[in-house]
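Take a look at this single chain in structure tokens; it is the form predicted alone.
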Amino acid sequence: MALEERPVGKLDRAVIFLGPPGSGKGTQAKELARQYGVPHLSTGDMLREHVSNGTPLGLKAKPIMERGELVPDSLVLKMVADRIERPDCEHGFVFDGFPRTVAQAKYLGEMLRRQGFKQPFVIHMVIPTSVLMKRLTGRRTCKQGGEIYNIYERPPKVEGICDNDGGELLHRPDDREEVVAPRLNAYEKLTAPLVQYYRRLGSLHDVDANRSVEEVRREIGQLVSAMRGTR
């Protein structure tokens, strides 16, 4: 669909959340997508679903994810391209965990241009490494509904059980202490250059993520509202 033909409404572009593991980008991305009624696209969730279902993609990705390494472009890009071509993405969508490299960002930018989307709006979650370690090693995820807890900062009422649906709370392999440090190192080496890439494009907006969820949500909401007002 050409740019001049794209309906006006919703976000009308991709909103990208950048930040290291544990920065809260997943929580904020889901909330923003809910507010605007657009899809929340997490390649991490997609990959974990493939792993759970034992698909060919999942079988390739599983050992890589368990080592805390980034899944290579060859296993991610086609999945992303197919997803954003679906009708529910027509009015925009929110990315969480993609792109992770400058090469992926350039590929995504070209895909978006071909489909008539405006330049992505990028939110950069800034947070100290010491805080990330506590957030990551304490994180637990509901097996049923995907609700996220933290045994240090936001524990469930009953240990190991989701407050919402009674589902089992899982400690993901890539959140264990022996994996966290390599994950953060991988982020710094391969993903942090995205900050400079998008900053040069004038698309990047820094957000202090070392605050309450509500404070961070409020600032993000203000940034996105301002972006939509200057479309």
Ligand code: AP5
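Under this definition, the rigid core comprises the largest set of C-alpha atoms superposing within 1.5 Å between the forms. In case it trips you up, residue 1 is the first one in the sequence shown, and so on. Every value quoted in this text rests on a predicted model; they were computed, and no experiment measured them.
What follows is about the form predicted in complex with BIS(adenosine)-5'-pentaphosphate (AP5), which we do not show.
Asker: If the criterion is a non-hydrogen atom within 4.5 angstroms, does every one of Pro20, Met65 and Val71 touch BIS(adenosine)-5'-pentaphosphate (AP5) in the predicted complex?
Answerer: Yes, the whole trio is in contact, each within 4.5 Å by some heavy atom.
Asker: Taking BIS(adenosine)-5'-pentaphosphate (AP5) as it sits in the predicted complex, is Gly97 in contact with it (heavy atom to heavy atom, 4.5 Å or less)?
Answerer: Yes.
Asker: Residue-level contact is defined here as any heavy atom of the residue lying within 4.5 Å of BIS(adenosine)-5'-pentaphosphate (AP5) in the predicted complex; does Glu153 satisfy this criterion?
Answerer: Answer yes; at least one heavy atom of Glu153 falls within 4.5 Å of BIS(adenosine)-5'-pentaphosphate (AP5) in the predicted complex.
Asker: Is the gap between Thr27 and BIS(adenosine)-5'-pentaphosphate (AP5) in the predicted complex 4.5 Å or less for some heavy atom pair?
Answerer: Yes.
Asker: Flag Ala14 as yes or no: does it have a non-hydrogen atom within 4.5 angstroms of any non-hydrogen atom of BIS(adenosine)-5'-pentaphosphate (AP5) in the predicted complex?
Answerer: Taking the distances in the predicted complex, the answer for Ala14 is no, it never comes within 4.5 Å of BIS(adenosine)-5'-pentaphosphate (AP5).
Asker: Hey, of 46 to 54, 31 to 39, 196 to 204, 159 to 167, which bit sits against BIS(adenosine)-5'-pentaphosphate (AP5) in the predicted complex at 4.5 Å between non-hydrogen atoms?
Answerer: Of the stretches listed, the one contacting the partner is 46 to 54.
Asker: Ala81, Leu112, Ile148, Cys89: which sits within 4.5 Å of BIS(adenosine)-5'-pentaphosphate (AP5) in the predicted complex by any heavy atom?
Answerer: Exactly one residue meets the criterion: Ile148.
Asker: Output the sequence-ordered list of residues from 156 to 172 with at least one heavy atom within 4.5 Å of BIS(adenosine)-5'-pentaphosphate (AP5) in the predicted complex.
Answerer: Read in sequence order, the lone residue that approaches BIS(adenosine)-5'-pentaphosphate (AP5) (within 4.5 Å, in the predicted complex) is Arg172.
Asker: Given a core-based superposition, decide whether the C-alpha of Gly116 shifts by 2 Å or more between this form and the one not shown.
Answerer: No: Gly116 shifts by under 2 Å between this form and the one not shown.
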